[in-house]
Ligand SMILES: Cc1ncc(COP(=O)(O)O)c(C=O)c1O
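Here's a solo chain for you in structure tokens, the form predicted on its own.
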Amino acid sequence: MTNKTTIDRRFFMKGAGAATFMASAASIPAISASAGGIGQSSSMSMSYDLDEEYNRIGFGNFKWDMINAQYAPHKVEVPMGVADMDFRTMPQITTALKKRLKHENWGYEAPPPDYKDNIIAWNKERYNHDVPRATIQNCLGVLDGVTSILRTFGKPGDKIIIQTPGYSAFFLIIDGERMETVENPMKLINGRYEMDLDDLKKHIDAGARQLILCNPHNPTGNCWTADELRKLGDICIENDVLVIADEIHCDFVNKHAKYTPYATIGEKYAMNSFTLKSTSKSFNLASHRTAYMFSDNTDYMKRVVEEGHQRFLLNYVGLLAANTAYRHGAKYMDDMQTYLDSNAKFLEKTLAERIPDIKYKVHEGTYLAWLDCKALLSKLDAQKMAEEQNAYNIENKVMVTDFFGVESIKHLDAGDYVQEWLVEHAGVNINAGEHYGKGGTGYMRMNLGTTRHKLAKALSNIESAIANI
């Protein structure tokens, strides 16, 4: 629980003393990094040692420092919520930044002269995507760019479509523009999410004129096929609905899948869309606040430049890091994807063999695993426990402060209850599925962008915690 709340401990210990829990946990053999015959990793044969246990604690990051402060006095041994990675930065980036730091003046600076060249080369060489140079524009982050587009092509009160379960921050930026989020829930068919185009048409008929496409999709991990994208795009074109394609996770695609850029499926689709990308996920550079957007439709981009909130200049350190990543990062990215693909397979096998209350099938894209935790929620009677905790919070005025500094009475969904239960009993933080909209209840999102050792530790801790229920 957070250090900002007063908690009735009976809701979490369920009558079992801490000593009993620890004794039970100690009797279960730990899951090793090579469990299930997958092998620890292949990083030692790579150009980069991704098995290195790099310490991130103490530098103010959200994933480790903020989460541990939030849940103190409980220790979050393996935070797997915030979507960044635990690996050391690519060495060429560190070298480039150190070189720049030797020049001790930070006046106005233009972006590196080959910055757009390297954006174009990266997308062409890896995805055969011809990014139109003239329309490449900077943005502080993908969400900042999406906000600029929403503002340019919409107005307060407009309906914006999100396919759910979908990235939680989309809800925040839509609300921030005083627009209305319209959820288009996806259908889970034979273990894979599919777009519900009939439901989509209903929302369009009701007046929605912009759609945020997540490709690869966060949190479900879908890499949408060209056929799926065209079917979606045809409906949008026919009904004058703008497609805003967030493709920030495009470089993370597991071995059995393929990423198809939305703008490559045909000219008419490219002309009715924007694409947004960044090195912030691929090379773990989120704190540099550097991203870019583009569109084949020069008139669309001209409108954004004139009416949105675009910037020619960004943080030069971020631009330098991003440029270096695209110039030198192909091998690093290949190694990273091999490692993360192996992590996903290790997770699938370990859950199937040792933690049957959590189900998972290797996803297609992103480094985020979408876990079916319905059996665990049932075992914990999570809905009832959350309701009891909410009643306690209301009676005792237990408050929480949100990201924007606003205080409110603490409210838990069933997934929030499980999230806090896992922190207290397993020292593992993963995200509650309800935060991703309709279809999220019963699921949780786990970040696999960490070492095999940490992943194995998290799973071992979770197994022990569940065994003690």
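For clarity, every value in this text was computed on a predicted model and none was experimentally measured. So that there is no doubt, residue numbering starts at 1 and follows the sequence shown.
What comes next is about the form predicted in complex with the named molecule, which is not displayed.
*Asks:* My question is simply whether Arg289 lines the interface with the named molecule in the predicted complex - judged by any non-hydrogen atom within 4.5 Å.
*Replies:* Taking the distances in the predicted complex, the answer for Arg289 is yes, it comes within 4.5 Å of the named molecule.
*Asks:* Is there a heavy atom of Met85 no more than 4.5 Å from a heavy atom of the named molecule in the predicted complex?
*Replies:* Looking in the predicted complex, residue contacts with the named molecule do not include Met85, since no heavy atom lies within 4.5 Å.
*Asks:* Given that the named molecule is not shown alongside this chain, does Gly141 nevertheless sit within 4.5 Å of it in the predicted complex, heavy atom to heavy atom?
*Replies:* Close contact exists here: in the predicted complex, Gly141 approaches the named molecule to within 4.5 Å, heavy atoms only.
*Asks:* Since only the chain is shown here, I'm wondering whether Val253 would be in contact with the named molecule in the predicted complex (any heavy atom pair within 4.5 Å).
*Replies:* Heavy-atom contact with the named molecule at 4.5 Å: absent for Val253.
*Asks:* State the residue from Leu200, Leu229, Ala382, Cys214 whose non-hydrogen atoms include one within 4.5 Å of the named molecule in the predicted complex.
*Replies:* It is Cys214 that has a heavy atom within 4.5 Å of the partner.
*Asks:* Would you mind picking the one in Tyr269, Tyr326, Tyr339, Tyr167 that has a heavy atom within 4.5 Å of the named molecule in the predicted complex?
*Replies:* Answer to the contact question: Tyr167.
*Asks:* Look at the stretches 330-338, 273-281, 87-95, 354-362 and give the one with heavy atoms within 4.5 Å of the named molecule in the predicted complex.
*Replies:* Flagged stretch: 273-281.
*Asks:* Which residues in 228-261 have a heavy atom within 4.5 Å of the named molecule in the predicted complex?
*Replies:* Contacts from 228-261: Asp246, Ile248, His249.
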